[in-house]
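Only one chain is given next, in structure tokens, and it is the form predicted alone.
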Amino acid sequence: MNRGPQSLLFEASRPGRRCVRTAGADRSAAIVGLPTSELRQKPPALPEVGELDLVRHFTRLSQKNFSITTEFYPLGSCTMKYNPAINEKIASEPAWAGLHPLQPECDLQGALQVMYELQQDLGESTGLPGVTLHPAAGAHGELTALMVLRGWLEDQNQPQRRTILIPESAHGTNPASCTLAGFKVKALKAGPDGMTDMDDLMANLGDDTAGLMITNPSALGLFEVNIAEICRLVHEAGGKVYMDGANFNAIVGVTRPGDFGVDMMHLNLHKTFSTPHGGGGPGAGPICVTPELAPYLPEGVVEKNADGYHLARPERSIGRIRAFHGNFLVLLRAYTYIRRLGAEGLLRVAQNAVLNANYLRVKLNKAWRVPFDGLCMHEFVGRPTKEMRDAGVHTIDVAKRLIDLGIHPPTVYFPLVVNEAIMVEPTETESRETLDEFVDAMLQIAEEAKRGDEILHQAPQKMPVTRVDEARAVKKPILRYSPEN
């Protein structure tokens, strides 16, 4: 971590000393124009709009949207935290943004160096040194890791191991990833404390166990206190332990999954390591594995030798799982974030995320029900009290009312093990003043619920789109625009 991101800005396209160019790579070739038959004969009928009117139009449109730069986003597992502007400055530099993945390696030494050092950083942070940056997002990382596991099982001549155990408190993508990878899923119960039920785990381990997928910290915002024992039991049964790293933000710099027995995991760079998340992407879901599983990683792992940096294919590689080498500019943002904070800064990220979540948990527990009311990690799960529910107020009413109060709703109705769940994750980037504003809003809603205010069933009232009929929207969705709508 001794080199800053800006020191590499002009190395991205630096030719290597061994670069050999072909005639087809002549960059001075003339630009070919369009045929006359393809050119427009008349100017397009564009509206005549003044620049000021145009700017006001798009500014007003932008003001109708929620944004992390204008409102608080206590948005559960998605970690909608602020992304430092330096990330965007670095990623927008032409030396990076102008690269093409089909350029020869000798033209990409700076970019490959970034990828190599990011691999090293992620391996050190997780205690799992085998790293690939190939996967495009978190669920894609899950699938990739399970394919790695399947490759390893085939080499071990263990075809009967096709069952993956998944606790109820895991993320919802885990079962889908297992099915896509050709495994069967068996759910494990959560105990009264929200932890994985150890008796149920031991009862379901057997000769068919391929592994365990566990989210830690869990979707309940709890750290599995028995994680080392869980890993030992799965290993003794002949399986491997996969950890969903979507909540790594709470433990980065504090503990390393590889040290307590995890064999493989993915990381959401667009969560823990501060790259943009929204609009369907782009994301990045690198996976980190033990040395035993590293030979099975997808091709495209960056290696370093005397000649520079190179994309390599591990010995027992499962092959490609997507085109090219990951979403490079997302990787670059994560690299910038890590270099800027360093090890001590990443530790403070986790500490502040946990502090903020526990601050809100304690402040809200008198007015709201927190089923697992102990020390939480980066998030906690609450729900309306029985008194509120008896008065006809449900989680959806709370979410809609928060919009009118200028706060984006948290994740609702997840995890499924908590009825009427409200998952609150403030992240480490919010001030105490912002957290207090959220507390005031939640306490106001609690008072409105006790009074039976009809506004809770009508909110939001201040938005361009008011309360919709969810049942009708599901049965009769409007799939395209028409003047009648």
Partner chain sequence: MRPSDRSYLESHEWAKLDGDVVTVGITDFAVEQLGELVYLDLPSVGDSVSSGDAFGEVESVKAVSDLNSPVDGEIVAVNDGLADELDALQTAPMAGGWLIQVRVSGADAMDGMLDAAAYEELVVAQS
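These figures come from a predicted structure and were not determined experimentally. Positions refer to the first chain, counted from 1.
Another form, the form predicted in complex with its partner chain, is not on view; read the next lines as being about it.
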>> Can you pick out, from 408, 316, 389, 256, the residue that has a heavy atom within 4.5 Å of its partner chain in the predicted complex?
In response: 389
> Since exactly one of 431, 62, 70, 419 fits, which has a heavy atom within 4.5 Å of its partner chain in the predicted complex?
Replying inline: 419
> Counting only heavy atoms and a 4.5 Å cutoff, which of 49-57, 419-427, 434-442, 451-459 contacts its partner chain in the predicted complex?
Replying inline: 419-427
> Would residue 413 count as a contact of its partner chain in the predicted complex, using a 4.5 angstroms cut-off between non-hydrogen atoms?
Replying inline: yes
>> Given that its partner chain is not shown alongside this chain, does residue 271 nevertheless sit within 4.5 Å of it in the predicted complex, heavy atom to heavy atom?
In response: no
> Any of the heavy atoms of residue 325 lying within 4.5 Å of its partner chain in the predicted complex?
Replying inline: no
> Would residue 463 count as touching its partner chain in the predicted complex under a 4.5 Å heavy atom rule?
Replying inline: no
